[in-house]
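Same protein, same chain, two forms; see structure 1 and structure 2 below, as structure tokens.
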Structure 1
Amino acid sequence: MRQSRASRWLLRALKLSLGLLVLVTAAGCHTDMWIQPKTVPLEESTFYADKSSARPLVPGTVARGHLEEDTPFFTGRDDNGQLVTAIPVKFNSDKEFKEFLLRGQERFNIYCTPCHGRLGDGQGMISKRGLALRRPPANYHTDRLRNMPIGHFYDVMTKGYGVMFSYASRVEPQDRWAIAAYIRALQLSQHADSADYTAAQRASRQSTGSLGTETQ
């Protein structure tokens, strides 16, 4: 008799703990870890009136490290407002400068080629597609742009020019200078004279027959 009462209690306790277990497990079924009340970039906000979780800077704010005191570097113009004629970046070695040019090539191919083309002749895909462009993208291989101070290219990328938008928010200042340097390299390559080649280069080019196509 006592035993059976004990077993009945045991059964009841088992049932109860099973029910509790189900309850406890079910309590885990919620999504607040999946969808946490934090904002991630570009997320819509329910808090701010303009629904943007990213807040615009208070006017006049200067972020740490963005004081931009170096006027030529950040504007492409010297203190008198004249376009600079040399890249305001220091290079400690030729290797560093080559890296800089390669970086410029890479950035140019990303941001500039859609309009200006890989050669900088203004024959990018957009100009080919936009048959009736009122103002076609610039061809860098003109006397006007060949004689333009290098600060001009930086200035154009920063502020935009004609129908070209500003690329300041997409390309960082250092990269804009790298692109400007690469544009100069493109201009030289498309305006090269056979006298610019070393004897060895000339020999190897002549044997492949590619010298003529690069001399204009």
Structure 2
Amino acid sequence: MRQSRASRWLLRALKLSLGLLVLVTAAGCHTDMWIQPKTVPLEESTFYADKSSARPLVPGTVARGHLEEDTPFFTGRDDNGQLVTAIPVKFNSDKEFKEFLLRGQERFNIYCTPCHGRLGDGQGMISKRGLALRRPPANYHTDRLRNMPIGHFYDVMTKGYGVMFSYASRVEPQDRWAIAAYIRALQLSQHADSADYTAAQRASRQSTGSLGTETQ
């Protein structure tokens, strides 16, 4: 009996000691490791002079995968500094080129039509609503722009021109070339004549009465 009481007392003492140990350990823990003084995105900061918690990029920072090289693909110019006359993109099949051209149409409709219109005639909503007060958007079907090297259109999208600002931060280089290719397609659609068609195409269009001379 005495041994049984002693055992129970020892067990109670052990439990009490263990409880005290847990309390002491818990008292030494706190949440500073995961609840720290910090700012959330776009929150005002009292630490920086500009009151912004978001810090500007270090000058010269280049996003991963966006390091541009001094090549015609990125500059639109050849080794002599002249605007290129051909798209510096390689296509392995007609299908690839068609997909490239359709991509250009999609990007053109998104970024270019508000000013230049879907036909590239400079009659987008900006012009129709009288918002182009300083200088009207360019009409791609003028002789001047039809005779421009295709690198010109890439260069304009990259650097801006007149009142048009640069789209370099909005449109990737590959898409700028796709848009330039689609601009050429628009120009051809409005200024093609029978000499631009193959014999099979001429025969097909003559049978439907749709083959004509150059249009303006």
Partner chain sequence: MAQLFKPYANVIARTSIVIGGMLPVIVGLAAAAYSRSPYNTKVEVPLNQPIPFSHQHHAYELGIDCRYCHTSVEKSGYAGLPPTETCMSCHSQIWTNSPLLEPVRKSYEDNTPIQWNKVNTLPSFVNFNHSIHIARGINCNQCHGPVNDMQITFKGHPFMMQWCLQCHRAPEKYLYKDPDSHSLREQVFNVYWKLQEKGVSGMTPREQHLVKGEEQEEDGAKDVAEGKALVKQYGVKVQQLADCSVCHY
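The term rigid core refers to the maximal set of C-alpha atoms that superpose within 1.5 Å between the two forms. Owing to the predicted nature of the structure, the values given are computational and were not obtained by experimental measurement. Numbering runs along the sequence of structure 1, starting at 1.
Here the form predicted in complex with its partner chain appears as structure 1, and structure 2 shows the other form of the same chain. Once the core of the two forms is superposed, the Cα of Glu43 has moved 6.8 Å between structure 1 and structure 2.
With the core fitted, the CA of Leu14 sits 23.0 Å away from its counterpart between structure 1 and structure 2.
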